[in-house]
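One chain follows as structure tokens, the form predicted on its own.
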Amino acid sequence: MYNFEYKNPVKIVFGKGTIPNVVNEIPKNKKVLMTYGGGSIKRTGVYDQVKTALKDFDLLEFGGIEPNPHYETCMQAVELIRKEKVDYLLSVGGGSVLDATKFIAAAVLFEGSDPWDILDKPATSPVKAALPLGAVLTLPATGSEMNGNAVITRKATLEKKAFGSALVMPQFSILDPECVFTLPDRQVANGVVDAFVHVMEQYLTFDVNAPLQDRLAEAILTTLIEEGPKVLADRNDYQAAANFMWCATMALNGLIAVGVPQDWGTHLIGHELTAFHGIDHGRTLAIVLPGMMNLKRAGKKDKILQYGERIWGITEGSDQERIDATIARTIAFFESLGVPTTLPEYDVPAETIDKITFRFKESGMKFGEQRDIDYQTVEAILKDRL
């Protein structure tokens, strides 16, 4: 196991009927900006719960944040915050709203000339300060409620990039599983896949003798496999919704990542599919992961075999046959949720592979747990999904 430091200061308030508790978590003297997305929180009643709880606060609103939040939209919020002298942010929505809110919190206090540098040039433009923020989570998926990560899309240039900073970790996150009751099938399925692949990015690498982290990761995967279909079958199954929601949080709060190598190649490639075609984030991961497993089967061999045996019970055949079977079972699980796993099913033409490959070639980037994925590997992974 590698050396590590771990600290997670986010307070989680979990359970049914907990949304009104937001009034106890924000300092009374703060001027608050509530951020949200396309308005689903108004249809579901979450908006009214938050507004009622914060009726005595100086509260402003900023809606219209996209499912893949746009840099341009975030900067409109930054202008509003500066104009109105807002000093606290409250994200009410899913991971995209929270990601946008994190970037907004950092961009408001950014000292450089272009806040996009936070995402584009993190080494030279690190986050040094951010407004405090909290969250009311309505969609389990990204784990953003308990980490300092965010992903933002620049619409003008079709770029999707991530940044991370402990300074944008929420001070608190309220998780009411009853919010899952009103979600459409597509969002539930996307959330299950998103959480599943978050785990895989931290688990499906190479062995460093960290059995506890492995088994924690396997516990999350197994629970998602068991509980995800239950949520899809019966949206009012509170226990299944609660288990799903907590899995999504645990998948990316840093706990299973300590002391082990991490990949994140599936995400980097998936972001490009979203940037070019607007494909839901979770669905891009379902496309890319099987190709990643196939093309990197040599370096990931031991972990793929372990994953196949412990999660899917695959023990028969040669190593290569077991790997093939494990990839097939992973694809079958995603597709059982209603999530297609090949590029043609999303009308992605072969030319997009050329565009994505060119971007990685121009960047000179090498990534993955072994830093051995280059533009040629990216091309092969995507062609595998045609």
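Since the model is a prediction, treat every value here as computed from it, not as a measurement. In case it trips you up, residue 1 is the first one in the sequence shown, and so on.
Only in words, not in the display: the form predicted in complex with a further copy of the same chain, which the text now covers.
This chain is drawn without a further copy of the same chain; in the model of the complex, the residue among A156, A166, L212, A129 with a heavy atom within 4.5 Å of it is L212. Of the residues D185, D234, E72, E226, just one reaches a further copy of the same chain in the model of the complex with a heavy atom at 4.5 Å or closer; this is E226. Of the candidate stretches 194 to 202, 132 to 140, 255 to 263, 92 to 100, only 255 to 263 contains residues with a heavy atom within 4.5 Å of a further copy of the same chain in the model of the complex. The candidate site formed by E5, T18 and N21 is fully in contact with a further copy of the same chain in the model of the complex, as each residue has a non-hydrogen atom within 4.5 angstroms of it.
Using a 4.5 angstroms threshold between heavy atoms, N243 counts as touching a further copy of the same chain in the model of the complex.
a further copy of the same chain is not drawn, but in the model of the complex it has no heavy atom within 4.5 Å of Y375. Shown alone here, Y238 lies within 4.5 Å of a further copy of the same chain in the model of the complex, counting heavy atoms only. Interface residue remark: T315 is not counted as part of the site for a further copy of the same chain in the model of the complex, having no heavy atom within 4.5 Å.
Contacts between 123 to 138 and a further copy of the same chain, taken as any heavy atom within 4.5 Å in the model of the complex, involve no residue at all.
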